[in-house]
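Quick heads-up: it's one chain on its own, the form predicted alone, in structure tokens.
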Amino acid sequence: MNELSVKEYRVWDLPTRLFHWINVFAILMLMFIGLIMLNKSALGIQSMEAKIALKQLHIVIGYVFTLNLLWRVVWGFAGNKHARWPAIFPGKNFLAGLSSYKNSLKTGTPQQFIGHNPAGKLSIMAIYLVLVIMAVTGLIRAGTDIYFPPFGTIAAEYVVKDGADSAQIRPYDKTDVNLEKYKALKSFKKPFGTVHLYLSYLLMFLILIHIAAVVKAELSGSHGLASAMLSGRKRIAGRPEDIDA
């Protein structure tokens, strides 16, 4: 298409763009610290104080990640039409739309969308689902590992010995701890840690797919798809399929 036929459309509002970049930063930091935690022995990190400090840092950034995600959930009901959940997740006639979009890719003239294309909606839905589960499992491990909010008080009160002060319970310190309950708590938290870990690997994979899809879309005719998350505006050649949505 002639470059003169390209038109600019408003798409991502400021809160949506802020969520996206805070989310990117938080996930990168969480993955970086998580990799250090997984390889702490190889990196020479031996002291319990250092191991707890790493977990504390991971959890603090996790709070930023979780609060940002909660904000996005709310904004999905209050944002502009492209930021709202009906425009982001698959809905009515989705399969027909996905088939039409895939056929347009084969012709070399892919359909253009102001918001997410049908394939993009599947990717985003999967990413959001993983993010929510990771936030929940992370909060549970924060409470059961080192007694951080929102579940730390419950965990500490569960494992403390009768007559002892649960506020004095310290991470990985069995002083004033009921050993049977501590063992039970350890068994309880283990599957949440396993899910959290393997979902982090899945998230890495989904992010790579998402980036590859954005690059492919740019090369196949989309204009400024990536930069739209900075400017809030997307340049599209021709009539977008969702202009009246």
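Counting begins at 1, following the sequence as shown. Since the model is a prediction, treat every value here as computed from it, not as a measurement.
The same protein also exists as the form predicted together with a small molecule; that form is not shown, yet it is the one meant from here on.
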**OP:** Using a 4.5 Å heavy atom cut-off, indicate which stretch of 42-50, 173-181, 208-216, 25-33 touches the small molecule in the predicted complex.
**Re:** 25-33
Original post:
Which one of A126, L105, L139, L98 is close to the small molecule in the predicted complex, taking close to mean a heavy atom within 4.5 Å?
Top reply: L139
Subject >> All of M37, A135 and L197 within 4.5 Å of the small molecule in the predicted complex, heavy atom check >> reply: yes
Subject >> Contact flag, G193 vs the small molecule in the predicted complex, heavy atom cut 4.5 Å >> reply: yes
Original post:
So, in the predicted complex, is N68 in contact with the small molecule at a 4.5 angstroms heavy atom limit?
Top reply: no
Original post:
Does any heavy atom of L203 come within 4.5 Å of a heavy atom of the small molecule in the predicted complex?
Top reply: yes
